[in-house]
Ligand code: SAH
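The data below hold one chain only, encoded as structure tokens and taken in the form predicted on its own.
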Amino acid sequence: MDPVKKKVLIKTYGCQMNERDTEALKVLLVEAGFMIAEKEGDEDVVLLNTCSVREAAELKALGKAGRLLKKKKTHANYKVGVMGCMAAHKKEVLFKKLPGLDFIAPPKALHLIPELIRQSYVGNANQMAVPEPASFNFSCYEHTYPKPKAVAWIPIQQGCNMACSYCIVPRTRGEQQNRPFNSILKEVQEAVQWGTKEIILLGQIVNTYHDPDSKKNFVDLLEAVQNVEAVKRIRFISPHPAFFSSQLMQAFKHLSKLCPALHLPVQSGSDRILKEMRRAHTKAKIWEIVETLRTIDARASISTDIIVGYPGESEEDFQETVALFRDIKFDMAYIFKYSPRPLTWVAPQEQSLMGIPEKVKEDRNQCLLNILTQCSTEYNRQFMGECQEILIEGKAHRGEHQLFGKNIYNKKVIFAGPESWINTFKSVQINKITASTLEGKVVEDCGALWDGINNSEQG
């Protein structure tokens, strides 16, 4: 069979950057003549797009690869490949643990994968590895997958120049490489041609972005996207607290399309632990950002990342995190129990007296989750009875004829409606809240609704 006629399935693990890489690869594969398998069992080739940020993600991908490789016993031409972060730093380990593995490709080799698959069929070769290119080829993002979608994630950089003690990203994706300004805008323009209404700028530390060919910075980029008429909303993820400028904070005030929802990775509320983490910011900097944003919009949604059980984290350190969490009232958070990553500075300390027992990690994790539930519920309660403008993103995972979308504060809203509403804006009156979602019904005239409520209250 001609390799080009093969169906390729991609299973994605980890972050939104991996999700975007999968989208880009699908386009490259179709352009190279391959077909995309939409469900497991239909494929001739399977690619695992892997994550290494946490051990659990690696173990999950390794387990899946092992199960898939068993299929080769009954399907002679079946191919299994690993791409993404695991492929960048575990090449020899992967080939040793998975002897039937056909090929691996690190993140920078994304654009080379179609040819790698083709070559794997030549002489039925396996254990093929692509030499890691010196830089990432951003042009692979300029061809948007031809499928209308309300929200587009636009990568603006790859890699990271920070040296956070727990993080493996600089080793898996390399040093920070900023995407050319015009390349980003080209993808934005192509996305809106396919109907996209919301743009999310994506990078490891987006607020350190600068155009490699000019002096344009991240705020210049936000302003350029603001000027694209068909774009209705703008978000970004993830920034670093240490690099928030007054110019960026004021962008929330002056750019009408920039949503008042900020993901602010804090990691810890203890300045001592932040210093050990090499985070380059303090608790005072966090408060400065939060207070400035809430002065601009008192309702601003602020989410975060927290690591509990970092080696050497005392109960006093943890209680400082608890206090910060309660005081800021984060309405969404990704809370992780520290897991050592190989080749990171702090990993050896996990096996020393500095390591935190798993039971303590679990207790601290649960403590913050309980606070998060309280804070999220309290935050969402303010929308009860209100009419919210919702950009509809797709079908909800539960309930017949249920759709979901988000308001400007990045809150998920579920309501009934036909699929024809997807990728449109609707006014939704909120009549139920939980810690994680809002629920409501579509109303045609929010003005009339509020007039009726006001008249009823006056009567």
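Nothing here was measured: the structure is a model prediction, and the numbers come from that model. Residue indices: 1-based, along the sequence shown.
As for the form predicted in complex with S-adenosyl-L-homocysteine (SAH), it is not shown, yet the points below apply to it.
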> Should E389 be classed as touching S-adenosyl-L-homocysteine (SAH) in the predicted complex when contacts are defined as heavy atoms within 4.5 Å?
Replying inline: no
> Closest heavy atom of K395 to S-adenosyl-L-homocysteine (SAH) in the predicted complex, within 4.5 Å or not?
Replying inline: no
> Does any heavy atom of C167 come within 4.5 Å of a heavy atom of S-adenosyl-L-homocysteine (SAH) in the predicted complex?
Replying inline: yes
> Using 4.5 Å between non-hydrogen atoms, is A87 touching S-adenosyl-L-homocysteine (SAH) in the predicted complex?
Replying inline: no
> Quick one: of T196, S376, S238, S303, which gets a non-hydrogen atom within 4.5 angstroms of S-adenosyl-L-homocysteine (SAH) in the predicted complex?
Replying inline: S238
> Looking at V53, I433, L68, L62, which has any heavy atom no more than 4.5 Å from S-adenosyl-L-homocysteine (SAH) in the predicted complex?
Replying inline: V53
> Based on heavy atom distances of at most 4.5 Å to S-adenosyl-L-homocysteine (SAH) in the predicted complex, which listed stretch, 208 to 216, 129 to 137, 97 to 105, 303 to 311, is the contact stretch?
Replying inline: 303 to 311
> Taking S-adenosyl-L-homocysteine (SAH) in the predicted complex, which residues of 323 to 343 have any heavy atom within 4.5 Å of it?
Replying inline: F336, K337, Y338, S339, R341
